[in-house]
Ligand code: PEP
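The data below hold one chain only, encoded as structure tokens and taken in the form predicted on its own.
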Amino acid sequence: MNKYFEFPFESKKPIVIAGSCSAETEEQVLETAKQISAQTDISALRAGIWKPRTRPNSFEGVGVKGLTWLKAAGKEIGKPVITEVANGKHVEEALKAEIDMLWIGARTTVNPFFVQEIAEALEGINIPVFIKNPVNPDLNLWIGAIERVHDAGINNIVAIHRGFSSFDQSVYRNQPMWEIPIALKANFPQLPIICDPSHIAGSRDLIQEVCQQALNLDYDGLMVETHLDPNNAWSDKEQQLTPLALGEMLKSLKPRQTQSGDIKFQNKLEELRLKIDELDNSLLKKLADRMALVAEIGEYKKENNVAIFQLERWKEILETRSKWASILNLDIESMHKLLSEIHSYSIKVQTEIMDEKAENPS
């Protein structure tokens, strides 16, 4: 996909967007902005005005009046401001209040009808739009949201990676699933991507770790929820940093270069990559050999009227391969994912064999 995108910041990456999860009071928005500005030079100030909550009777934002608070706080510290919109009416109110940038949240990205409504409300408006990944790990939904906004004539688009909901137990509030934003970047090489470590982490103790991983993957920036008094915040108190903690955390991060101009480094990197190419070739040949055996087993099962999926055999594979992976110092969780993909491929091969109809006699 050769779509044209612009980055809405002139500052060098990584850019930093910071501010409260929610605008609560005019004083809180302004004081948070001032304290952030005293600690670090951010690129933009954020605050949620409308808050889509899972259950009713939760704090769902202060509404339209908060837009003027946010805009005034941005002017006070000399920074552009950004807030979330979930429908066309929100876009209309934000534009009326001269909000500089908008983001589309994860709960909205998941619904093409809402994204289309926002895109239509933005037609003819030159304003940067940030698009969070959908709640569920669906790359095509994310791509679809980007395309809808882009088709409305907006080139200032930035993707926000905020993690994905999962039933799996994890230390994170939302699983990072770094492979999905990497796949997005492969589809849109020009598309800027920033990370929302607050929603991935769900805990302020994990934010620095997530930020550093984003920088290790050459993300263009970070959006970090920051509140002057996180413990008494009206929403998401566990995942917000104080302005002081934000400044200290940012100082501790190590931005990475996209490339190195060192010839020695480049030559060594090329040497190692050639070795990886050779190993990948060997791995694929081994996989082809494995699938040939899988097909042979499939034919044998068909002849003997035996089901494809064998639970005990699958349990045995997971157990033994986990032990092998541990001995080889390989990450067991990652190996489980790889084995699951290979197992799905094996089932597909055997299903096609089972579904083959007997040839008609000539």
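Computed from a predicted structure; not experimentally measured. Counting begins at 1, following the sequence as shown.
As for the form predicted together with phosphoenolpyruvate (PEP), it is not shown, yet the points below apply to it.
Using a 4.5 angstroms threshold between heavy atoms, Arg107 counts as touching phosphoenolpyruvate (PEP) in the predicted complex. Proximity of Phe130 to phosphoenolpyruvate (PEP) in the predicted complex falls outside the 4.5 Å heavy atom cutoff. Taking non-hydrogen atoms only, Lys51 approaches phosphoenolpyruvate (PEP) to within 4.5 angstroms in the predicted complex. None of the heavy atoms of Ile15 is located within 4.5 Å of phosphoenolpyruvate (PEP) in the predicted complex. The chain is drawn here without phosphoenolpyruvate (PEP); in the predicted complex, the stretch among 317 to 325, 35 to 43, 51 to 59, 299 to 307 whose residues come within 4.5 Å of it by any heavy atom is 51 to 59.
Comment: phosphoenolpyruvate (PEP) is not present in this chain, but in the predicted complex one of Lys79, Arg204, His90, His199 has a heavy atom within 4.5 Å of it, namely His199. Along 64 to 95, a single residue, Glu84, places a heavy atom within 4.5 Å of phosphoenolpyruvate (PEP) in the predicted complex.
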